[in-house]
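Okay, here we've got a single chain as structure tokens, the form predicted on its own, with questions on binding and movement later.
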Amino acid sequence: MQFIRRHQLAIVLVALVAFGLIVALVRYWAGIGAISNLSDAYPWGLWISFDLLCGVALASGAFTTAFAVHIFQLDRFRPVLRPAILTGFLGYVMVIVALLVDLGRPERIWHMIIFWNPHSVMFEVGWCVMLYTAVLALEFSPLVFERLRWRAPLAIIHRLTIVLVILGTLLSTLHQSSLGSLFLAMPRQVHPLWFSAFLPLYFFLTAIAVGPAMVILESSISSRVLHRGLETDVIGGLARAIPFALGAYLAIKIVDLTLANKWAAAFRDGMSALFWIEIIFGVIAPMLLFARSSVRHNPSRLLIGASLVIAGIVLNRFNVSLIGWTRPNEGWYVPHLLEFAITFGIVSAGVVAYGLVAKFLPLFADEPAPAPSPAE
């Protein structure tokens, strides 16, 4: 029965990937307007808000876990390091694929390498994403080298590990925060509840918080689908960092809204409801949950808390980049159904790729060996 369910899931995922590929071919043949509701008033929509802004944030588990293991020497988190790096690597690849669909002239994406504009935030984000994807590929490469038994390149990568981790952390810090900097030039478009001079810091802190949450989610799902044990103590330890990151975010947010005299906007219109949903369920609730030892040692409660963090970050990115935008007399943007097809196809491709890596490469090779039984 379990094999049948996994087989059915695989068929659904492959079908979504195939349909998304067909829609992408239509986009390249007939233009972006054929499959989207983007316009001059809404130059970006679902793909940027979810595939890019959320995708980059949700892939942050790679650099946070690598930093904890290699820089802080927290070896107890090593069992989830390789899955975290894989999730991050696949996340950034999916971001790049989504950009190739969203850009009006995707064949010119390489221009930033040749035609420099150092005054542009997008220039810095583009370079950081490109370089960090290369770093993640190198951090992921030991799985391939071990499978092929290539000892020489494996030894080289092991010697470069600390350098790669430091470089990856630097690049991640730069572009996670710079994604927030994009909206500093739009004070009249972004709703007052989300526009702030601290947007770069907000984006960085929320990325720090959602990184461990994504590792918890990935570990919980893979343990069930792949029928392997769940490292409850390991992911519970990761969860301890989440209240600190969310607490810092919440404290700065409260001070920011107070100094800017914006609390009236939190009780004014429909946007205020989204604000309180984000704060209560995406920040305060997981802070309280993960502060409790009983939650950190319970797999189901860990998953609930992580899901709240992830949902809160996704809502925040949408509020900042799309829902909370003010466009007088322009109506509302409603994603085209084929826009969802692209997003579902990309996400499904990432899930399929994760499953293939788990099946054919030593993804969980860093797991500690089981303790010998008393009889042994």
Partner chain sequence: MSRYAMLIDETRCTGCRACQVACKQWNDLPGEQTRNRGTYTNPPALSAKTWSMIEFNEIETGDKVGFYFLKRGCMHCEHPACASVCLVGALHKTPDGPVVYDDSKCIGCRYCMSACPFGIPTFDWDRGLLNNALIRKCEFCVDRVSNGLIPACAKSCPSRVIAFGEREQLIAQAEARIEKNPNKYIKHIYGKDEVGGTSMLYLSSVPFDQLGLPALGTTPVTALSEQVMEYTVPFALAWGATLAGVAAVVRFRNRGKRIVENEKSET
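Numbering follows the first chain given and starts at 1. Model, not experiment: these values are computed from the prediction.
Beyond what is shown, the protein has a form predicted together with its partner chain; the following relates to that form.
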| item | value |
| --- | --- |
| Region of this chain that lies against its partner chain in the predicted bound form, out of 300-308, 210-218, 104-112, 257-265 [heavy atom, 4.5 Å] | 104-112 |
| Close approach of residue 118 to its partner chain in the predicted bound form, 4.5 Å, heavy atom | yes |
| Interface membership of residue 280, its partner chain in the predicted bound form, 4.5 Å heavy atom rule | no |
| Exercise: residue 38 in contact with its partner chain in the predicted bound form, heavy atom 4.5 Å | yes |
| 4.5 angstroms heavy atom contact with its partner chain in the predicted bound form for residue 173 | yes |
| Contact assignment for its partner chain in the predicted bound form, among 123, 276, 145, 244, heavy atom within 4.5 Å | 123 |
| Residues in 187-218 close to its partner chain in the predicted bound form, defined by a heavy atom within 4.5 Å, in order | 187, 188, 189, 195, 197 |
